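Starting off, we have a lone chain in the form predicted alone, written out as structure tokens.
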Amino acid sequence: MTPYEANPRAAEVEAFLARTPFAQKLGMRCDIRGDEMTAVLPFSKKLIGNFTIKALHGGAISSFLELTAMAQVFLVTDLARPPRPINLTIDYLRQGHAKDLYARAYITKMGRRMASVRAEAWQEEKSKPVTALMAHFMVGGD
């Protein structure tokens, strides 16, 4: 079974990422299985923020998490377009090393007008997140 058979929105999520210039600049991609999505940010030298310690740039990590959260909401809803961010909070928990970064987003509450989402990014061990996001997105009431 392909991801598209399991969730017909998977192709729309991938199209959203393909037409988002910043997602393309980051090199972000996603692996969709049903209603679960794992986003991947492949390591690239352009993502280094501190060359001395070879740490990923915090802006690249936070943008990756925001896009992951938006894509997850878009995946599990019938929205005509991706949700719009209202606010977000980023917690930098560990140094992001010069390695691939993975992320998952979880919808904690889906209302008629707003969605609350949390997301975590990790590198080698999912139990040791590098960064966490808490965000609210507008999903209705245009």
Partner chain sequence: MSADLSDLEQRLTLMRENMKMMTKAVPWARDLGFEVTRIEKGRVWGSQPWDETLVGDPDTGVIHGGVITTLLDNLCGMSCSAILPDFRFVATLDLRIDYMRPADKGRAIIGEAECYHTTRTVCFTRAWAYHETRDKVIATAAGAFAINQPRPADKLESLA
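Residue numbers count along the first chain shown, from 1. Please read all numbers here as calculations on a predicted model, not as lab measurements.
We do not show the form predicted together with the partner chain, though everything after this point is about it.
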query	finding
Contact stretch among 112-120, 30-38, 61-69, 98-106 - heavy atom within 4.5 Å of the partner chain in the predicted complex	61-69
Contact flag, residue 19 vs the partner chain in the predicted complex, heavy atom cut 4.5 Å	yes
Partner proximity in the predicted complex: residue 86 to the partner chain, non-hydrogen atom cutoff 4.5 Å	yes
Interface membership of residue 47, the partner chain in the predicted complex, 4.5 Å heavy atom rule	yes
Contact test in the predicted complex: residue 26 vs the partner chain, heavy atoms, 4.5 Å	yes
